[in-house]
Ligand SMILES: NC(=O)c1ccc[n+]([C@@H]2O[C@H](COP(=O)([O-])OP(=O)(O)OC[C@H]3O[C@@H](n4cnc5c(N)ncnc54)[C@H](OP(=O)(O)O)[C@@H]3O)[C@@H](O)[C@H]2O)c1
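Just one chain follows, in the form predicted alone, and it is written as structure tokens.
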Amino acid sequence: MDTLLTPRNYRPRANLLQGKTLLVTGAGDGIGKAAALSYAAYGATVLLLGRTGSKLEAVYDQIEAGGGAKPAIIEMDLASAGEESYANLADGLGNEFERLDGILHNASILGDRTPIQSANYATWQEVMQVNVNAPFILTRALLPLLQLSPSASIIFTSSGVGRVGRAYWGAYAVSKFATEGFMQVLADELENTSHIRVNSINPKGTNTAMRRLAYPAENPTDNPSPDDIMPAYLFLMGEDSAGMTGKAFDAR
């Protein structure tokens, strides 16, 4: 599998996502918030999924204040949501929207940075639930709506430690290796049977709460903000990436 860089000078046209309905997980903060605002600014109707209603409401208000299409809020805790919750979500979206044109799987948790020998099993399970199991069941539930789109995009969020293993990154690194594998399997299954492209993106070092937690001694402002890496997210969600599937991208 090739690791590709999206064009550093990518300049999306103003109506890149006009008429599209897109779902973003972890939309209340960090990269998910930046992506939701960016997608709305380029014309999409954005479905904001996250666990903290007040954060989602703030993003909702910001989209409306910017003149974007009316978004929707989906308050869901991926760590505890059961299979029935995803089925109900799919039914609800199917009743409200004629199709779904894309998913950005952004929500992740870090877990403990510790040697495998001392890793806590409950924490390991929670990381796998949020980072691996939730994207699987959400994707499975929403595939029928995605298949109604003439050109849909699924973006999984990866990491450098999900492509080359690194000591003490434990469950998080393993979950991101699983993310890359899921992306490849799904892309291969859908390549010749649908208009859905499936790729992963590694945001690399970005000034987010997770990055600050993982690297407490690092100067956060040495890393770009989530807004700075949005061209890559727009590229993968928009039609300029049509035909590209099964690829591992870096945001910069």
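All values derive from a computational prediction rather than experimental measurement. Residue numbers here begin at 1 and follow the sequence given.
From this point on, the text means the form predicted together with the ligand, which you will not see here.
Though the partner is left out of this view, Asp91 does not reach within 4.5 Å of the ligand in the predicted bound form, counting heavy atoms only.
With a 4.5 Å cutoff on heavy atoms, Lys55 counts as touching the ligand in the predicted bound form.
Taking the partner from elsewhere, Ala41 is found to have every heavy atom lying beyond 4.5 Å of the ligand in the predicted bound form.
Using a 4.5 angstroms threshold between heavy atoms, Asn106 counts as touching the ligand in the predicted bound form. No residue in the set Lys20, Thr139 and Leu190 has a non-hydrogen atom no more than 4.5 Å from the ligand in the predicted bound form.
Of the candidate stretches 156-164, 140-148, 94-102, 111-119, only 156-164 has residues whose heavy atoms lie within 4.5 Å of the ligand in the predicted bound form.
Of all the residues from 40-77, those having a non-hydrogen atom no more than 4.5 Å from the ligand in the predicted bound form are Gly50, Arg51, Thr52, Lys55, Met76, Asp77.
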